[in-house]
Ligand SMILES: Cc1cc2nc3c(=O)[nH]c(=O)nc-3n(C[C@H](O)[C@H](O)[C@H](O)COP(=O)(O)OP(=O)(O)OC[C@H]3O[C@@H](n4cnc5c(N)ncnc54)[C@H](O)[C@@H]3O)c2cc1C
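Just one chain follows, in the form predicted alone, and it is written as structure tokens.
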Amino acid sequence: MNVNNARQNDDRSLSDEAFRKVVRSWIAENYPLAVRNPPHRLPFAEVKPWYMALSRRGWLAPGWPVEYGGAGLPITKQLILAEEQEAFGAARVNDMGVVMLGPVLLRFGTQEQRDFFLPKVLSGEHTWCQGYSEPGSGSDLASLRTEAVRDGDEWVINGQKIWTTRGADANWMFGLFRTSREGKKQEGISFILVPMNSKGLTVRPIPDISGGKELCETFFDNVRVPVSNMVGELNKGWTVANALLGFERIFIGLPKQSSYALNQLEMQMRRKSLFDDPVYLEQYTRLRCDLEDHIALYESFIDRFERAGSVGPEVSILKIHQSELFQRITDMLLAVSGEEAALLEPVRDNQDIFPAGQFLIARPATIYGGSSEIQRNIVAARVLGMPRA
């Protein structure tokens, strides 16, 4: 048994409380302090030392099966890993290959695809972005028009994607492409993997409201990729996409953003002695209770996912609650910060508190991954069975 396998067995055998202590200590000893609490998501080159440290420890893909390089940890321990990184102020790594592509390949990919791509995610050789949204095809994703036409053993792709998060920093894209115009629009879509260095592929960054540059638009001009890069069946990419959206909404529903923001709110209130004010104390307590409710909700979804291998459309509730709670917490953080709320940098005497940064990060949370309006429509129609307008 190698060292990593022995560690993984030890990790699984620990109680959650003991595991949390191990994680907290390991992060403090191994995290590069120069990139603690970054105001924006860092490019892969800057966060790679942390990415590789997690990979070596076996914690980069804690939920993957051990035979594919994961840790095979139960969801409670995966949640502890996420919580402790967020509480410490660890930079978010380029995780789309881990939390989105990995589960898709494990469920829909061929053995050859799993053997080729999964190790390269863990080694940092491949970093991934998502090619879903297009101009005019965001909320109505099934209306996408970027086309992949088969030419012998290759797909020839033409069109445009937009809001390609980390597109300028990734070397591979997983995306949805129109491979047939017959039948219902959902029936002519395929899930294809595209190298970002392909001839004819152009990436342009889009500056966001917080000054970050992780959003991009991507143009395809006769981009050629092998037919073997298709995951799942031809014209059945919508099935793959729905599974991936479930993984994405579970990931977006993680309590870590709200937990981190609430921690900043608590620190700021202590700095300003606001816990002595009954009005502020009541507002903070309500948010704390809402976060505890969300943690319980999240754990219930994960328990169902682990038992069934998937979740239904009700997972939209998780995304709605997390994103809106995150915004409410940062609204209060901004309100209690006074003149410090106008700073586009952390407060001067505590680099762990960045009110404006958290507020701006929370603004698009109710839009990306499916807007709150779309999520409510899904719950109404597919969970509650209400008639469509």
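Computed from a predicted model, the values in this text were never measured in an experiment. All residue numbers are counted from 1 along the displayed sequence.
Omitted from view is the form predicted together with the named molecule, to which the following refers.
For the options Gly138, Gly159, Gly89, Gly109, the one in contact with the named molecule in the predicted bound form, meaning a heavy atom within 4.5 Å, is Gly138.
Checking Thr164, Ser258, Asn94, Ser316 for any heavy atom within 4.5 Å of the named molecule in the predicted bound form turns up a single hit: Thr164. Stretch-level contact analysis of 264 to 272, 71 to 79, 127 to 135, 182 to 190 against the named molecule in the predicted bound form, using heavy atoms and a 4.5 Å limit, identifies 127 to 135. Contact check for Glu373: a heavy atom falls within 4.5 Å of the named molecule in the predicted bound form. Under a 4.5 angstroms non-hydrogen atom cutoff, the named molecule in the predicted bound form has Ile367 among its neighbouring residues. In the predicted bound form, the named molecule sits within 4.5 Å of a heavy atom belonging to Leu215. Residues in 64 to 95 all lack a heavy atom within 4.5 Å of the named molecule in the predicted bound form.
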